[in-house]
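A single chain comes next, written as structure tokens; it is the form predicted alone.
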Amino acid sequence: MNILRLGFLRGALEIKQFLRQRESVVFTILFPVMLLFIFGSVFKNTIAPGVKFSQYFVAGMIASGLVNSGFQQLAIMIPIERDAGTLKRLRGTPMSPASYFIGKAILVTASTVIQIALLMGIGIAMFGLHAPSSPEKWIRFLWLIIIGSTCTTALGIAFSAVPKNGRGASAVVSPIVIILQFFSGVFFVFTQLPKWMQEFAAIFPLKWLTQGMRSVFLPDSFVHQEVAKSWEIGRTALVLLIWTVIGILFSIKKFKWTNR
């Protein structure tokens, strides 16, 4: 109970610190919204009966938002905190590592909820996005958010050990996220990408998150536009769970509290 209490207290502090960093707020929460405005306003073509590219793009950006809030945010912020000596000082307090990670998970959850609410609201109001049309789709949407956030949070903590210092973290992490967005069907229709890109993207969780979100927000008829002619819901859950386990194992083994 003490671990949970300290974790929630740490989470509240993480949110306050995040909101005070305007650059982080803009890049993590508002940048995807700006991309939605740009791409949604420029590309208005129809890619399937009853489906415009803007609707397709919103579904992809919601999935990408999980990666921005979880993987990218933590993989950049943790090395910065490590450089500043924050993590080293925390190790000398009664706060356990578990409480620290709970605090980070709370921050990811809060930023994810805000980002998804903004993207859904703008998508429905301006770009014709359809809200989930059945209880089954709402349930699918919920577990995709839960598993996706858990997966990207674990991977973000694990990958935070890769950058050698906080100054270079953004240069290491951001290109990886951008490349995966291009390969995973966020900026382009996935089936129009070269086959080798599709096969490469299928290794990583973002491809499956985007496909899962399409199954929630796009009409069922769009399933014939997918590579497998199916939403592959079971495989999506399996891939995300496998990456979650990988992230947790690497977080336990490789996480560093100092640069030494």
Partner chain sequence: MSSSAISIQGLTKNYGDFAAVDGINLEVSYGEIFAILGPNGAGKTTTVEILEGYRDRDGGKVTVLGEDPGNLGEKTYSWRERIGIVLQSTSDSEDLSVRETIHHFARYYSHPKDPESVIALTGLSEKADARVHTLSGGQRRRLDVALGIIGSPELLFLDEPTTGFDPEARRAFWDLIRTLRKEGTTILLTTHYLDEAEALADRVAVIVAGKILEISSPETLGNRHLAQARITWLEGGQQRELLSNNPTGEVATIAARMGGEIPELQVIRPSLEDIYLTMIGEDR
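Numbering follows the first chain given and starts at 1. Quantities reported herein were computed from a predicted structural model and do not represent experimental measurements.
If you look for the form predicted together with the partner chain, you will not find it shown, but the lines that follow are about it.
- Screening S174, S96, N165, S133 for any heavy atom within 4.5 Å of the partner chain in the predicted bound form leaves a single hit, S96.
- Although the partner chain is omitted here, in the predicted bound form none of K137, R140 and I147 has a heavy atom within 4.5 Å of it.
- In the predicted bound form, the partner chain sits within 4.5 Å of a heavy atom belonging to L9.
- Using a 4.5 Å cutoff between non-hydrogen atoms, L118 does not count as a contact of the partner chain in the predicted bound form.
- Using a 4.5 angstroms limit between non-hydrogen atoms, L13 touches the partner chain in the predicted bound form.
- Under a 4.5 angstroms non-hydrogen atom cutoff, the partner chain in the predicted bound form lacks A110 among its neighbouring residues.
- Picking from 147-155, 174-182, 80-88, 102-110 the stretch near the partner chain in the predicted bound form, with a 4.5 Å limit on heavy atoms, gives 80-88.
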